[in-house]
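First, one chain by itself in structure tokens, the form predicted alone.
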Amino acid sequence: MADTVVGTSPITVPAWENWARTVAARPARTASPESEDEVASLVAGAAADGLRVRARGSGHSFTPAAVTDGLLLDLAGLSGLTTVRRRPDGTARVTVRAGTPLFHLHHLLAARGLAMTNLGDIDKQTISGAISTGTHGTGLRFGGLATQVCGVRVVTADGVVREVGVDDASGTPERELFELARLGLGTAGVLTAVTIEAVPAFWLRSTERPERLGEFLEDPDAFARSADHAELYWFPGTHRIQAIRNVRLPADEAAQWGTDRSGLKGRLRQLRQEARGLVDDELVTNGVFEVACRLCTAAPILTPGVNRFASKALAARETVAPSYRVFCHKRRVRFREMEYALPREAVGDVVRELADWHHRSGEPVAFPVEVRFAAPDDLWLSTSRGRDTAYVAVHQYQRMPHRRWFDAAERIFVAAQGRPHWGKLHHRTAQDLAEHYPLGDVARVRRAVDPDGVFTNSYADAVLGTGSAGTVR
């Protein structure tokens, strides 16, 4: 059991567990600060007492990124938008408190005619947790969420609040702290605020339809180029995919859709669209899918037939809506996930190898494989660093064995020069990853801002290397 800080009176609390139930923590203390000053005081106090400190968001990482035996901070009390600095071209720099969930941020931005330029398909994460673990969406011209960050406020190990960002000169300690803070597994300190480059709100036309896996494998690049944001789900044991193509609407067309929705016909069309989405997302994707997964758990031999049924259950549909409503989906069926970032040119061969292994092994896999794309960037720890990227994610229902499937997939991913997602299951270490990232720079900055290892844990040290003396317990 642990102590939680409420004023000066500690009370007993149970261990913390993440959403996927893959990791749990039993910290010595927990706290729920509601201000930046409280965070600074808590960090300084924990460091003085020789305790490690980690901040947690919504718990959507599958890895032990947030686990600590010291002080675990819940940042839910640091939520909301603080400043909006608009530009003549309609873009804006928006500062938001670090514990703000993405699903809340969507509405805060939309109310001001703004949006994030790209998002992942789950929006339960906090903004700080999402950027710190490399969350991304899909689209050949778009990077992960951290590429949209232009500044942060971070509490370092000495309890000092530092504001750093892209406007700091390259090569300076401030700019290097920013590079580690915006995507660094929380090893730079505790984020209290994040500034993002927001764009004018936009709409997407989303087209979903079943297609043949072979069509994708013939020319993966053609599929990736077929929409601004293209992705697919392949159902193991079948030759079918669910192809999703999201196209950004021109401003005038989006405005017309908004105007049309205000009338009676538009509202009726919207209600029909939402009803169809409710059937697909709530009934098929969550309700029926949960039942199907439980059936596969009880009788794994039925899994191929269930996958064939699932691959046919999602029919073609088209949706036109504000961007965040299209990008993000409700995912209530719990699962395990491994995802690797691959050189884009390797994705066809990798998916083909996954299909071959699955066919040979007969392994019961109840969840589809997901394929997405991203533009190259220059962030120190971005999985898309320096190369055009395709992401391939394998999943398994939480009640079914996943190790054989994930181990086989990881061997295929690693052979293709893949990089593991920082927040999803994998077995890679700093020794393996040194060829992909400037881990020497990462270690140097960690030593400079956190010489006693206040913000480290076993996972961070395993994947990034030991960046500090580590004198805290």
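On a predicted model such as this, the values are computed, not experimentally measured, just so you know. Residue numbers here begin at 1 and follow the sequence given.
A second form of this protein, the form predicted together with a small molecule, is not displayed here; the remarks below concern that form.
Options 25 to 33, 443 to 451, 57 to 65, 405 to 413; stretch whose heavy atom lies within 4.5 Å of the small molecule in the predicted complex: Going through the listed ranges, the match is 57 to 65.
With the partner left out of view, is R182 within 4.5 angstroms of the small molecule in the predicted complex by any non-hydrogen atom? No, R182 is distant from the partner.
Considering non-hydrogen atoms and a 4.5 Å limit, does the small molecule approach I122 in the predicted complex? Looking in the predicted complex, residue contacts with the small molecule include I122, since a heavy atom lies within 4.5 Å.
Is S128 a contact residue for the small molecule in the predicted complex, using a 4.5 Å heavy atom cut-off? Yes, S128 lies within 4.5 Å of the small molecule in the predicted complex.
At the 4.5 Å heavy atom threshold, is R240 in contact with the small molecule in the predicted complex? Heavy-atom contact with the small molecule at 4.5 Å: absent for R240.
Given that the small molecule is left out here, which of V190, L105, L381, A374 has a heavy atom within 4.5 Å of it in the predicted complex? Contact check passes for V190.
Using a 4.5 Å cut on heavy atoms, which of W357, F335, F309, F202 is close to the small molecule in the predicted complex? Answer to the contact question: F335.
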